[in-house]
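So this first bit is one chain, no partners, the form predicted on its own, shown in structure tokens.
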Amino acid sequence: MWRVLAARGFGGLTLRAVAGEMGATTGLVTHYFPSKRALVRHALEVLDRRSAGRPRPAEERVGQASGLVRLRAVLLDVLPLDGPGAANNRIWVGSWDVALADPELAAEHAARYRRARERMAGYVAEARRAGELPAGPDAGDVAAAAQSFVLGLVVQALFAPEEFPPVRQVALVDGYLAGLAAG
């Protein structure tokens, strides 16, 4: 299933394509996934688990740091800064279309993004307590803006990797955070 997703996206994720990739019959696949929706739901669950369990190099480098350093690490770990990061982001961005067409899947995506924002809001609050960020808008609003910024950067980097190489992505995040710190 994963190879089909990586090669064809969610539009090409069909029971027949998965069966072909496995060297199995479509009947065998439909025993486990009675519909394309069930297959897509499973793919999103696998993607979510893989994403949650994947290495987070920037976060790992900052260790026990908190506040602005941790917020920066979270934002950097979202970006397509290497091959695996780009592949995962292509799949996630591709999943948006599928999720928007299905209210239940949309709600699950919204919950994932909400959890990420809540985590970022905690880092914003830590940064304020440490004097790294000025008081200002609600920490949740700052986190929502940061998430929106980084997801927009993901899309730009996926569509125009030559214009948004890793070094520029990092510089843009650093500039964004410097703007937050300046108030």
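Just so we're clear, the structure is a prediction, and the values are computed from it rather than from any experiment. The first residue of the sequence shown is number 1, and the count goes up from there.
The next section is about a form of this same protein that is not shown, the form predicted together with a further copy of the same chain.
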(message) Just to confirm, with a 4.5 Å cut-off on non-hydrogen atoms, which of G131, G27, G136, G152 contacts a further copy of the same chain in the model of the complex?
(response) G152
(message) Within 4.5 Å, heavy atoms only: does R114 come near a further copy of the same chain in the model of the complex?
(response) yes
(request) Using a 4.5 Å heavy atom cut-off, state whether D97 contacts a further copy of the same chain in the model of the complex. (result) yes
(message) With the partner left out here, check for me: in the model of the complex, does some heavy atom of G67 sit within 4.5 Å of a further copy of the same chain?
(response) no
(message) Even though the partner isn't displayed, in the model of the complex is A106 close enough to a further copy of the same chain, meaning a heavy atom within 4.5 Å?
(response) yes
(message) Counting only non-hydrogen atoms and a 4.5 Å threshold, tell me whether H31, S51 and P166 all contact a further copy of the same chain in the model of the complex.
(response) no
(message) Can you list, in sequence order, the residues from 130-158 that come within 4.5 Å of a further copy of the same chain in the model of the complex, counting heavy atoms only?
(response) G140, D141, A144, A145, Q147, S148, F149, L151, G152, L153, V155, Q156, L158
